[in-house]
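This document opens with one chain alone, in structure tokens, the form predicted alone.
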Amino acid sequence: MGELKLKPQKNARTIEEINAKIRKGDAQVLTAEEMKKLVESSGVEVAFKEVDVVTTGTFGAMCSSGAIINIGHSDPPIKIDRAFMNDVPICHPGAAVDLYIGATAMSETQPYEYGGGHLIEDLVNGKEVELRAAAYGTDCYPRNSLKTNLTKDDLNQFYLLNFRNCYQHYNCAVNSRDETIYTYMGKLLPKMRNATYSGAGELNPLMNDPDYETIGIGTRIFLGGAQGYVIGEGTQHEAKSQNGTLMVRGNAKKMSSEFLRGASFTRYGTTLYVGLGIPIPILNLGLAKKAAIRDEEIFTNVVDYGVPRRDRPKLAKVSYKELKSGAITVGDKKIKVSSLSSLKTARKVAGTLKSWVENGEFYLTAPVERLPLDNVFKPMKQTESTPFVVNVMQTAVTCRETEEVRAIAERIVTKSVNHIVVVDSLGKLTGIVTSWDVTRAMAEGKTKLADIMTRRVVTTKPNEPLETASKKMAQHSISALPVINDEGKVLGIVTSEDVSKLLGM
């Protein structure tokens, strides 16, 4: 970074004054990373005097994204009821030919491989896409079906309209289960063998203005490679816990797939990666201090996604410095961690925005209304209770690995069960044996339990939703799950029959 030689400025400045400097080509602009280096070397007061604007950036999967399009009226006209573009189901939120492409909607012919995010990227790139639509027909909209090919130039409007972007904080995810799971945090290996996180840390826009002094309705931003605007707080916005989000809008016809990319998460679904950056005007010393925040000062929770409940266990707190190092420590366990977002592209967002401001191609706007600071994100109100494994699990009939097959057969008969759980001297799970296993063993003349028991056992925990346990049994073609605690001790068993009785299956 070159030496900055500027005249001392007042103790405060306005956006109008900064925009005047941008017009003259005199504005001093640093990326968030450059700002932190300046504060570190020269102090926050010098940084405030020398810097007018700090640019930020982030590039990650933002599932609550999509695009509003208007396709124009056909002849004869149609009032669309159902629509598909490249076989992706398209939402019809309003009038006859207004449509909304949701980033997570998946193709009916290529599920998990192609979806709304890819469709938006294809349109941004000028590719031709197929539209199929159906309607019930009315006197003024008599057409019942439609099939045509379109590009973005054929659309009257093509606006990115994202309900929740630019997360101020995001969890770091691990999986405590004995099996791999596939989530919106990517592929999580069993027994916490990996961790994933998202976000740009000290480059994150909302971390550099955490009290939203300069960010609100009407704030001009970098969005997908073009200029866009904040149109309000994003869904699930909660300022009190520094979990702010933004609702944003921009003209997708001017965007670039360099900063707007469709993506697929294995066995989870599709999404849209969005490049978003906000210029932070350094209006006062306080904003200069906030824009100096470093990765070691930004913390997030390590959350166990192996527990399929809203209140997943929080196992530790880690800083973004630790996350970016490639490994974190939870208890006495060191875990490799990888990012789902691109720090390289986030830096490119901040750098591109910096050049726009320096070259007079981007001016700052004061928000007409600041983002709310007092709202609280509420969980869903549920009028029906959700059954969990603990609600139906039965006492498990157990045995030791050293027992004979004939003794296990007698236990199955006397206890009227189809599954015997094998445990060690501490009551921890070591295997499972079924009545079918025992019947076959006796027919083949086998006498040792160790020769017939299943050692790789699919399990559940008491706080797992019963529906999840049911899917697990169907996925593995089994009829029972031992219930264990975090230490592997057997607490009980749940069978497909128990599930069917409660869920009415």
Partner chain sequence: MVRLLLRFGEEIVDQPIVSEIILELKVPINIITALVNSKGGEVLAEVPQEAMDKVVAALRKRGATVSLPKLIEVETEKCISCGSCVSLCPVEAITLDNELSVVFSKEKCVGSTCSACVDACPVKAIKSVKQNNHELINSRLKGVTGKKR
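Fair warning: this is a prediction, and the values are worked out from it, not measured in the lab. Positions refer to the first chain, counted from 1.
The same protein also has a form predicted together with its partner chain, omitted here; what follows describes it.
Note on contacts: among 397, 96, 285, 340, the single residue with a heavy atom within 4.5 Å of its partner chain in the predicted complex is 340. A heavy atom within 4.5 Å of its partner chain in the predicted complex is found for one listed residue only; from 428, 336, 309, 82, this is 336. Per the 4.5 Å heavy atom criterion, its partner chain in the predicted complex is contacted by stretch 254-262, the sole one of 123-131, 140-148, 221-229, 254-262. Although the partner is absent here, residue 91 lies well away from its partner chain in the predicted complex, with no heavy atom inside 4.5 Å. Contact check for residue 195: a non-hydrogen atom falls within 4.5 Å of its partner chain in the predicted complex.
In the predicted complex, residue 59 approaches its partner chain with a heavy atom inside 4.5 Å. At a distance threshold of 4.5 angstroms between non-hydrogen atoms, residue 344 is in contact with its partner chain in the predicted complex. For the stretch 299-319, the set of residues having any non-hydrogen atom within 4.5 angstroms of its partner chain in the predicted complex is empty.
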